[in-house]
Ligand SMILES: C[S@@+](CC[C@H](N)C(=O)[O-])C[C@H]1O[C@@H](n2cnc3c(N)ncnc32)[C@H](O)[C@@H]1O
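For reference, the chain that follows is the form predicted on its own, supplied as structure tokens.
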Amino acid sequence: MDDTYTHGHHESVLRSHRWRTVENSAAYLLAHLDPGMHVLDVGCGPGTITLDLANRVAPGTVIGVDNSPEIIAVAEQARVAALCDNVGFAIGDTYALDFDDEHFDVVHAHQVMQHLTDPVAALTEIRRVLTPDGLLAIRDQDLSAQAIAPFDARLRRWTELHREVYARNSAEPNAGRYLLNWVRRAGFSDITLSSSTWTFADTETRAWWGTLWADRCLHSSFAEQAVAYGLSDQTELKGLADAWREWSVQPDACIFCVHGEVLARR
């Protein structure tokens, strides 16, 4: 599939991705992880969730795949630094996974489906590599359900611009609300849908979230695509970055980032 990753791998993007752990981004899966399991982490990014999964299923193994050679190199550096020997990283295509049928006990994907032009095809391929009783675990954002306060016109425009860029990429920024539909269409059963949020509302986390999004408004692939598609310009993007920085220092500012999440059996 000719998918375009909306965010890219600028340092400001990796700053948020490296923060992710099983506890803050896959807590719905925790109770289902057991030592000795073999796990595939699809769209693993810089590998922080992957490495955390490996610690929880050891002596089982975890493989992280991503379609970016650049980001797989970053993940491999993290693996070496963590001295983790039950993890492997590889370049991989979600639509054509390079593994035998019925190979993994668990396949995990965090904020992957939102970027795919055909999530049902990807989920069908994921189902192929799961064992007969294997578990799918996917979690994705729902951008339109995100709650921000105070919410001024520039932050409203930031949300609109995101939807416009995703649309040009034939992707779905509200993927969290469609996971149930996609998983059913891919042939899974015993499906459980839940939701959870990231909340940034204290001085430290507000500053971190607001600053990284200010940087992403100026330097990430999202910014490059917004300009290239004729949806925005540098003046507007600077205004959006300013809005995030101003938001981040307001004592009553908060944001709830809403996610849908699904557990399902093959």
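Nothing here was measured: the structure is a model prediction, and the numbers come from that model. Don't overthink the numbering: it's just position in the shown sequence, from 1.
This next part talks about the form predicted in complex with the named molecule, which is not shown.
Just one of T211, T61, N67, S221 comes within 4.5 Å of the named molecule in the model of the complex, counting any heavy atom, and that one is N67. Of the candidates F151, Y95, Y178, F99, Y95 is the one whose heavy atoms come within 4.5 Å of the named molecule in the model of the complex; the others do not. Note on the interface: of 228-236, 199-207, 52-60, 36-44, the segment with non-hydrogen atoms within 4.5 angstroms of the named molecule in the model of the complex is 36-44. Looking at T124, you'd find every heavy atom of it more than 4.5 angstroms from the named molecule in the model of the complex. Of the heavy atoms in L136, none are within 4.5 Å of the named molecule in the model of the complex. Residue contact with the named molecule in the model of the complex: Q111 places a heavy atom within 4.5 Å of it. Taking the partner from the other structure, the named molecule in the model of the complex has a heavy atom within 4.5 Å of a heavy atom of H9.
Residues from 2-18 that approach the named molecule in the model of the complex with a non-hydrogen atom closer than or equal to 4.5 Å are Y5, H9, H17, in the order they occur in the chain.
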